[in-house]
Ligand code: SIN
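Shown next as structure tokens: one chain only, the form predicted alone.
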């Protein structure tokens, strides 16, 4: 079999076909991995496979992160696959069967609040609504490359503090508390450079994480908010740097977390179920310039 890589024609994204996801060679994998580096997001469409195959495919890219446990049981969402999260709005007996529900998920980079954010994430669709729930991806290489020179000069030496006490839906993580002051500067989190160098391609990318509770290290709070607002307005205004994934059942999407952001449209969760399983590949600490 010959791996075929077909660009979406947008700012990122490519379909990868012509191989069996359950049984492929090292040579085929080299083409698949290069497609990820070249196109930032890859899609495998039209193949049926189970969680074991999903996990095995992910492991070719590196070690896996373990999924956060459920809040109501303290156990993995999928006990046989503790590395997997269940992304769904499905409820049973009033309890959520996964995370993220049916609301919009705003632009973000996965797990930017840890010391070594993920290399990438893989999302496999089992059930999708007929409308809504699309996922958009944004090319953060080009966001930086096409940024006004003065703004790039401003951010080049700076770091953002990525707070770690809230989940992406705004809820508090297990065992976490907000500071009594409510001051974002006092929230738990990690500092990362705003521009990061990709460890495999050597290209520089804008690295923002999430807007909520972000803080530019060393600035007065008002200055930090103004700069972050400017950066996020610039990114949100560059829809020409995006590609939209309209999901079909059995789609598997992988994105390079080091040089993309993504978001999700809301959908009618009262009428439809959206069910997906996600794996996450461990990454390394962001750096800018020479590796440290």
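Numbering follows the first chain given and starts at 1. Treat the numbers as computed from the prediction; the structure is a model and nothing was measured.
One more form of this protein, predicted together with ligand SIN, exists but is not displayed; see below.
The shortest heavy atom separation between residue 142 and ligand SIN in the model of the complex exceeds 4.5 Å.
Proximity of residue 255 to ligand SIN in the model of the complex: non-hydrogen atoms within 4.5 Å are present. Ligand SIN in the model of the complex is not approached by residue 54, whose heavy atoms all lie more than 4.5 angstroms from it. Residue contact with ligand SIN in the model of the complex: residue 43 places no heavy atom within 4.5 Å of it. None of 195, 114, 216, 87 but one reaches within 4.5 angstroms of ligand SIN in the model of the complex through a heavy atom, and that residue is 87. Note on contacts: among 123, 147, 184, 190, the single residue with a heavy atom within 4.5 Å of ligand SIN in the model of the complex is 123. Residues of just one listed stretch (89 to 97, 103 to 111, 76 to 84, 198 to 206) have heavy atoms within 4.5 Å of ligand SIN in the model of the complex: 103 to 111. For the partner-free chain shown, 262, 264, 274, 278 of 257 to 287 come within 4.5 angstroms of ligand SIN in the model of the complex, judged by any non-hydrogen atom.
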